[in-house]
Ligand SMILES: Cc1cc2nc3c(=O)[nH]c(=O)nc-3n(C[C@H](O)[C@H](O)[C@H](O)COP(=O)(O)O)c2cc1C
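Here's a solo chain for you in C-alpha cells, the form predicted on its own.
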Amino acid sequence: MSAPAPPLAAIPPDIRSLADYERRAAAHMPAESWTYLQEGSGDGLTLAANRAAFDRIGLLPRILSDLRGGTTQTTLLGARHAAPLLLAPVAYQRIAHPDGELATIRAASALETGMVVSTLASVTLEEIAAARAAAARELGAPAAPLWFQLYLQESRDASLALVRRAEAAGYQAIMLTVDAAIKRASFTLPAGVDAANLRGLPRPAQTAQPLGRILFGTALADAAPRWDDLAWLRRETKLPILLKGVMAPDDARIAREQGADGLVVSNHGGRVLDGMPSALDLLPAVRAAVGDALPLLIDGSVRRGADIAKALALGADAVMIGRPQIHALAVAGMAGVAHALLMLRSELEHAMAQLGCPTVTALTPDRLRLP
C-alpha cells in the first residue's frame, strides 16, 4: 500500500468546489484514516439522506431587489460572525495534516469564521486558543469566535476540568454533544496522534463485560448522558451552552427549559444510527418547537453556499461543516481550509444575490421550491 501524498504547497487550479477537495483528499490520508472520516453507520442510509435532503429543494430567485449594503454577517450568542458558517468539531485532525487543528484555526481566523474545537482534538485547547490569538494579532483583526465541544467524561470532575480549561483559555461557548454518547470507537489512531485534551485525565476503567450483556446493563450504557447532566453543566458554567444532537421537537423544548442557550440539529453526520432522517428535514419542526427563543445550528452534508441559504430559509441561524474541512486540510493544509471557506462564502453571496436577499435574515421559505 502506497504512502499518502504530502500536503500540497499551493491550491490546485482544478479545485473549484468542496467536492473537488473530497476527490483529491483520499490520496493525502492513510487508508484507515480516510475510511474513519468518510464512513456512516449501518448501510449508510442516513449519510445519503443528509445530502439528498439538500438536493431535492429548489431555489426561487426574486428579481430587481435592492442589494446595496448586502452582507453575510450575522450575530450568534452576542458575537459577530462574518457569515452564518462555523467549522464543526472534528476529532484528531492530525490524521489529515501534521499541523492539525493549528492549521484549521489559522484558516478560520483568516476568514473570520468560528471554530468549534473537539474534546478529542489532537492539539490541546490551550494551544489552539494561543494560535487564534496570534493570528488575530498578525491580521490586525478581532479574534474569530472559538467554542469548545464537550463530550462528557466518565466523571463529572473530569468533565468540569475540561470546561474550566476552556473558560480560562477564552473559549466563548460550550457545545455539549449528546448524539454519540454510546458509539463504540473502532479506529486505531496513527502513531503520534492522540486525544491531546485528555492527557492526564483518568481513563475509563476496563471492566469485564457482564455475561450475556450487550449494551444495556454495561458501564457504557450506564454512563450515557442524561438530562440532569445538562442541568449540572448549566449550574457549573456561565458560558453559553449549545446542545448538539437534537432531532426531536419535544427534546428541543426540554433543552430550552433546562437552560440550553442554543441547539444543533444533527444526526452526527450519519455516523451513529442508520435510518435517522436528515437534520434539514427536521429543522422546521424544531424551529416551530422553540420559536425564535434559541439560535439553531445544523450540520450534515453542507457542501455548497446554496445549501447554507436553504438551511437558513428553513429556520437555521447558521450551519457547520465537518468532513469538508478535513478534506481541504489534507490536500493543502491551512491554505486549503481557508480556500474552502472562501468558496462557501462566495457561493453563499452569489445565491443570496440571485434570491434577492441582501441579508441572511431575508432568507425565508418563500425563496424555496419545496418538494
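Bear in mind the structure is a predicted one, so any value in this text is a computation, not a measurement. The first residue of the sequence shown is number 1, and the count goes up from there.
Heads up, the form predicted in complex with this ligand isn't pictured, but that's what we're talking about next.
Interface segment, criterion being heavy atoms within 4.5 Å of this ligand in the predicted complex, picked from 82-90, 234-242, 166-174, 194-202:
Heavy-atom contact with the partner occurs in 82-90.
From the list R271, R287, R256, R94, which entry has a heavy atom within 4.5 Å of this ligand in the predicted complex?
None of the others qualify; the residue that does is R271.
Using heavy atoms and a 4.5 Å limit, would one call I57 a contact residue for this ligand in the predicted complex?
Contact with this ligand, no.
Would you classify R303 as touching this ligand in the predicted complex, given a 4.5 Å non-hydrogen atom cut-off?
Because a heavy atom of R303 falls inside 4.5 Å of this ligand in the predicted complex, the answer is yes.
Taking this ligand as it sits in the predicted complex, is T113 near enough to touch it, meaning that at least one heavy atom pair lies within 4.5 angstroms?
Because no heavy atom of T113 falls inside 4.5 Å of this ligand in the predicted complex, the answer is no.
Residue contact check: S122 to this ligand in the predicted complex, 4.5 Å heavy atom:
No.
Heavy atom of each of T72, P295 and T359 within 4.5 Å of this ligand in the predicted complex
So, no: the whole triplet misses this ligand.
Heavy atom within 4.5 Å of this ligand in the predicted complex - qualifying residues of 147-176
If the 4.5 Å heavy-atom criterion is applied to this ligand in the predicted complex, 147-176 yields Q149, Y151.
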